[in-house]
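As structure tokens, one chain now follows by itself in the form predicted on its own.
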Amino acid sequence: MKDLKCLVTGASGFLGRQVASRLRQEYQLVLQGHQHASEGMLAIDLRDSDQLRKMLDNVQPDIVVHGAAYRDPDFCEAYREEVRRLNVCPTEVFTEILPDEVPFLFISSDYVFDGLHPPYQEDDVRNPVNADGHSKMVSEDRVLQRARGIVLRVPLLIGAGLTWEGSGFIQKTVHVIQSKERVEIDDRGIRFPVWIDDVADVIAFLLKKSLPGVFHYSGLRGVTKYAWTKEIADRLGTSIEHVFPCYNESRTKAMRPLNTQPLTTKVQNLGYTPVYRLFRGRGTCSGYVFKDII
């Protein structure tokens, strides 16, 4: 399939870099980034529809994996119109311009659900409780109007970024553990983290199958962020006497659903064998030793 041209948006991001690394084995890649675009990427601002249209006219991709988005729920809640510019408007342009025969895979979120009736199948009723989830739901609807539209919903992403600071949930948790400053962490909402390597592998699988529709992929284990903090601290061999569980309603700008566990039966029935990596070995996390602890 090396003769097929695959456009990956958000390729400079946390998940996007891993997706590009995985798909490079099978496709001729065209990578889009923006603020953190590296050498060889198209530095295109997808919020500018003219730039996006020009890029599509020049590239004429055979496949598109669209992962560029604002992902911080609190930012999304505070800047709804700005979030629409990136999380919704580019999807509208893609679905308007791309020929019907071009597969378009959109990376969505478990936040399209309200978290009140887990676990969730792909066709369960969506009812997002925050702006982030709402933007994903609106884009999903556009994608699913396409004959070859694919939606992949994933939960909290974990993995190693290019730097310690760019490695998301695990890095933030390790920082809390090592800071020794008193802090409260949510012990109500259940999270099912998934490794970015695994998500990239599922994307490659779905592109090969080229079946339209909605698919879920998630880790199997779900506990609260406080419980994950305790487990990571155990892996690091350190105490968390300064970390306390919080049972109150979220004090963040965006409401978080309590439990949005996505069922993965559909993709497994297609023949995908999940890896479900989470913690892999032990490590001291001195410096940048991510793959030893997650």
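From 1 onward, residues are counted along the sequence shown. Everything quoted here is computed from the prediction, not taken from an experiment.
Not on display, but discussed next: the form predicted in complex with a small molecule.
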| item | value |
| --- | --- |
| Candidate from Lys266, Lys230, His34, Arg256 lying within 4.5 Å of the small molecule in the predicted complex - any heavy atom | His34 |
| Proximity to the small molecule in the predicted complex, single hit among Val93, Ile177, Leu156, Ile190 (heavy atom within 4.5 Å) | Leu156 |
| Site test, Leu98, Pro103 and Gly149 vs the small molecule in the predicted complex, non-hydrogen atom cutoff 4.5 Å | no |
| 4.5 angstroms heavy atom contact with the small molecule in the predicted complex for Asp45 | yes |
| Heavy atom of Lys136 within 4.5 Å of the small molecule in the predicted complex | yes |
| Ser218: touches the small molecule in the predicted complex, heavy atom cutoff 4.5 angstroms | no |
| Contact test in the predicted complex: Tyr272 vs the small molecule, heavy atoms, 4.5 Å | no |
| Segment assignment from 231-239, 57-65, 35-43, 257-265: heavy atom within 4.5 Å of the small molecule in the predicted complex | 35-43 |
